[in-house]
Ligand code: ATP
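Quick heads-up: it's one chain on its own, the form predicted on its own, in structure tokens.
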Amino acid sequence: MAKYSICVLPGDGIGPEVVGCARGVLDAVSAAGGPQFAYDEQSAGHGTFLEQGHAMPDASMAAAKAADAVFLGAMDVAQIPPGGGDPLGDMRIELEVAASVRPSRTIPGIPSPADDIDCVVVREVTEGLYSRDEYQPDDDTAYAIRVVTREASRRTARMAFEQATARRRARGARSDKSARVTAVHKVGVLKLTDGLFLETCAEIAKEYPDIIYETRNIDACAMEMVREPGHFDVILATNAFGDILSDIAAGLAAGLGLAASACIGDRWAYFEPVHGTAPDIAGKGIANPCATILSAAMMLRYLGEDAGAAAVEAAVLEVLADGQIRTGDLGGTAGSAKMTEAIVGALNL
């Protein structure tokens, strides 16, 4: 029986609560004969900064590197002052992640603006406009340096095409949805940086001749996602563009309360819900744990535990489709524990 070491960073606000719910689901998978997990809980986030003076202690980073996977709760990174540490940014660099992977799809039983969206946004997360290279020469001017490298673009593009390949395989021959990668840019304005990004994407596309490859201007892509969301399969983007488009996709699907994500590299990976820390409801036991539980399913799939991942995803979808038990953000009255209990009850392993 497989056993995995998981570094857990519960985070801030509702982070510890929803991480606890996801751990309960993972423990249920273990109890049903699935893989076993050894959890190493470490501290990171704004609360850690207030307690220790740095939001990502060296011990936490070392534990993350020593684990088979890293599992996060939401973190209040906006409140951390310059020089106080950046847990997400630090992990992306130190864990050498290739890209962020954020799936969005319509969920039966959950009202959404789009009834046919089923896509993944693959976003480069170590550079671009979020390179963290800024300076202010005087009181009236500030600069942010947009960095695009061939190597980071190559890693992200390959991740996008691998996602498209895996999604086509999962859909099977009966699906009429084409395997497609759409690279997003604004090359008319950002001629050098997006020019290099597109050149690299086109090079990787040649390695996957059975995947449709196309490009879109960022503004056109945003509009088409609203008008024709079913067209998109995998969207490949630089850091800031991907950040925006992944939230559009989540909004068109089931919302951030159900949005899972992963940051995956060749050696390390971490998994987290997309939503924030929700300090207004922290400690009340009413947060929606589904995004965190679905992030745990993504972690299971990364670890090669496809059966467990599929069972967790199916259980979440079954509970949501049934509609009897839902948290307040989904129009119900159930608390986090009740929602988790229902998902555990729906597991079929």
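Here the structure is a predicted model, which means the values were calculated and not measured. Numbering starts at 1 and runs along the sequence shown.
Beyond the structure shown, there is the form predicted in complex with the ligand, which is absent from this document and is the topic of what follows.
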Within 4.5 Å of the ligand in the predicted bound form, counting heavy atoms only, one of 273-281, 126-134, 109-117, 192-200 shows up; tell me which. 273-281
Go through 243, 86, 76, 162 and name the one with a heavy atom inside 4.5 Å of the ligand in the predicted bound form. 76
Among 80, 256, 262, 221, just one has a heavy atom within 4.5 Å of the ligand in the predicted bound form, namely 256
Using heavy atoms and a 4.5 Å limit, would one call residue 329 a contact residue for the ligand in the predicted bound form? yes
Report whether the minimum heavy atom distance between residue 287 and the ligand in the predicted bound form is within 4.5 Å. yes
